[in-house]
Every structure is written in C-alpha cells, then in structure tokens.
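Next comes just one chain, in structure tokens: the form predicted on its own.
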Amino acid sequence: MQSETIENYLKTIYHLSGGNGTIVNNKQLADKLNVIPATVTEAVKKLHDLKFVIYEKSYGTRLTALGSKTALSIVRRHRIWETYLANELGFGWDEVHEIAEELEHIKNDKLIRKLSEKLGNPSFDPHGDPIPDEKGKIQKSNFIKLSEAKVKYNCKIMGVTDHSTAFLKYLEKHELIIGASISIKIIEEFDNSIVLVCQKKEVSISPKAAESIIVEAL
C-alpha cells in the first residue's frame, strides 16, 4: 500500500469522523474517495494491520492514537501549504486546496516548521480551518454557523466548510470573505434565507450557503 494512499485514507477518515474518533463506515469512505466498497474494505484491513485504524466488519473504522497523530500531521501540512500559497504566492482561496493536496505528501518536518514560522505560526488557513500545531493540538474557538445566528447579530466571517470553487467564487462576488464584518437584517420565516448587510450592501443568501459559513460574534 503506497504511502500517499495511506495518508489519503487517514486524512479522509479523520475528516469524516469530525476528528473525534467517531466510527466511519465503508460506504462513507467509498463515496468520499470515489472508489468501490471492495477497495475500501481491502484498504482498511491493511491499515488495521499497520495499527493505524481499528476495523470491525459490522461497524466500520476508527483511527488509533497512531492513526490520529498521523492524520493530524497531514492536515497540518495541507493547511500550512494552503496558507503559504495564499499569503506568499498570491493564489486565490478557491485555488489553494487542489495544489495543497499534492504538496501535503512532502514529509519534511523542518520544511513545514520553516513555512509556519515564516507565516507567523498561523492558527487558521485561508478557509478558516484550524491548523494543528506540531503536537497535533487545535486551537478552540467560539465560532458558530451563520445559519445559527439571530436577527441583529453582528459578526465576522471566520471560515467556510464548503471549499468548492463555485461556492468560494459566489462568496467573493458578494465580498463575503474571511474577516468581513456582517450583520443579520432579516431571516425569512418561509425558507430561513438570510438578508445580511456587508460593506453597506444588502445580500440575500440561501440556508444552504448560511450552513457553510462560519462566523464569530463581534
């Protein structure tokens, strides 16, 4: 089993589990990795033998302490590369994910440490996702989904959970970028769509979009 394949599985299990050790079933993994269930079964059995996961046929897969540590290291590399690409090389937040998917497999702790130091040891990447430190610890926050906010709520956009190019371009079009200050003007009773004010302009967004935007109270 190739090293890159192992890392992709561990990272995917980590994300699907929410980073809290929840069991992930084979169908979830197959759908996310776009492979057939039989391929997933073979892979997680090998990961089990390598002590990265605990696999139980009737339930699914969860990361071991070793697997979690490895996954967090991959996530750290990925998010530091995203931040470097955006901050130092001028790539858009809709461009950095795919490039970081390739760069995350470079296993050089000194390189990642140097990149992090150059960036000022950031706690969050360009999408607002937390960057684990060298020990795998993640900074806690009081962020909430925009969909959970109430009318007259004043907040700042801190991140997004949808990294698709279409969604990020949609946000940029309305200037709903990381760090933007917004206030909730109306929440439509009919469908929970939200009318908010950003840069002195009113913007109406769907409940689906609001579910994917992370904010912090001002």
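Not measured: the values here are computed from a predicted model. Each residue number is its position in the shown sequence, starting from 1.
If you look for the form predicted in complex with a further copy of the same chain, you will not find it shown, but the lines that follow are about it.
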**Message:** Is a further copy of the same chain in the predicted bound form close enough to Met1, Glu7 and Tyr14 that every residue in that trio has a heavy atom within 4.5 angstroms of it?
**Reply:** no
**Asked** Any idea which of 70 to 78, 135 to 143, 121 to 129, 86 to 94 reaches within 4.5 Å of a further copy of the same chain in the predicted bound form, heavy atoms considered?
**Response** 86 to 94
**Message:** Can you work out whether Glu102 and a further copy of the same chain are in contact in the predicted bound form, taking contact to mean some heavy atom pair no more than 4.5 Å apart?
**Reply:** yes
**Contacts with a further copy of the same chain in the predicted bound form, stretch 22 to 36 (heavy atom within 4.5 Å)** = none
